[in-house]
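Here's a solo chain for you in structure tokens, the form predicted alone.
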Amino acid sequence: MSISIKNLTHIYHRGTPLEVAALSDVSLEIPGGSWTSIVGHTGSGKSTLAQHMNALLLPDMGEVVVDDLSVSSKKDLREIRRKVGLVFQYPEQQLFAETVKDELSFGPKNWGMTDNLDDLSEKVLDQVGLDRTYLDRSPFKLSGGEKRRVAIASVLAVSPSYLVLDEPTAGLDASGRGYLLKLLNKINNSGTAVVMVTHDLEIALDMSDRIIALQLGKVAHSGSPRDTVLYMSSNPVPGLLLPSIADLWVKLSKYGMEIPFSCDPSTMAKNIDEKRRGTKK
């Protein structure tokens, strides 16, 4: 099970003086259950790529296949859009219903999932760290962080196989960012694939199984966090800077100190200490 993208090209304003290729011959695979981060500078095509994954945008050329369902088949589009949940940047701006309960029920009702809506609403609220007391509250009177969690819960309500998020940590302070990443990690561990669009390479390196770097609408690199650090240390991608801890790891590797990679400073310090102890023995 996967999202498979082959030779995808998307052109905005085709046939006008403003014509621009946002994506050009992009091919990649998003495995089911994985955490994949899509990184790149502003204008690299990240958001355009994300919107193709649930067929909000359709390819000008190429193919997008979700679990054997093709966006080129009109009969598959509805199920693709259920399987791939898309959360926009600042998802709290997606909210529109009078109550949180109505917000969470909107998607399931559209998909004909009308049984046990109260139980379903409570379940997805619990997934995002909120309780049933929120059901009758107005989503517009919640805090910024609570609004974002309700917006994510509304997407989870239709049980997507893939959760695609465009810059989910944008505008959050360190505490809110940490909480949201723990929440997404919990969702990922439950079996839902997470696809995170971000300009924050440090978060991508710390959270992902795989990283895809875009540059000017093309795939510049695709690989594990470790491979990504090695690649970018000698092939800089404009707009993406390796975090200091990753730069340290590269320098230690060049001096023959092979240690497991981690973007977490405390884990890296532990790995270095264990390597030194082992060397002394």
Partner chain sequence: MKFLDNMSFGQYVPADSPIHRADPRCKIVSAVALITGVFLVKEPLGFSSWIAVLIFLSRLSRIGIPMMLRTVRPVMLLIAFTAVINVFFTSGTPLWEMGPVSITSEGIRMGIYMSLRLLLLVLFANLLTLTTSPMALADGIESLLSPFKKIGMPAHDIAMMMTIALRFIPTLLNETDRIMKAQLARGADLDRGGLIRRLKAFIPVLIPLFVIVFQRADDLAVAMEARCYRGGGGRTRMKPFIWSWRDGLSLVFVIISVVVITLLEGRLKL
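All of these numbers come straight from a predicted model, not from anything done at the bench. Positions refer to the first chain, counted from 1.
Heads up, the form predicted in complex with its partner chain isn't pictured, but that's what we're talking about next.
Chemist: Go through 77-85, 190-198, 204-212, 172-180 and give me the stretch that gets within 4.5 Å of its partner chain in the model of the complex, heavy atoms only.
Modeler: Of the options given, it is 77-85.
Chemist: With the distance limit set at 4.5 angstroms and only heavy atoms considered, check whether N235, Y255 and M268 all reach its partner chain in the model of the complex.
Modeler: Verified in the model of the complex; spot residues all out of contact, no.
Chemist: Heavy atom to heavy atom, is N54 within 4.5 Å of its partner chain in the model of the complex?
Modeler: Yes.
Chemist: Does at least one non-hydrogen atom of G145 fall within 4.5 angstroms of its partner chain in the model of the complex?
Modeler: No.
Chemist: Residue-level contact is defined here as any heavy atom of the residue lying within 4.5 Å of its partner chain in the model of the complex; does M113 satisfy this criterion?
Modeler: Judged by the heavy-atom cut-off of 4.5 Å, M113 is well away from its partner chain in the model of the complex.
Chemist: Looking in the model of the complex, any heavy atom of L130 within 4.5 Å of its partner chain?
Modeler: Contact check for L130: no, nothing within 4.5 Å of its partner chain in the model of the complex.
Chemist: For the stretch 135-172, return the residues whose heavy atoms include at least one within 4.5 Å of its partner chain in the model of the complex, in the order they occur.
Modeler: F140, S154, V155 sit within 4.5 Å of the partner.
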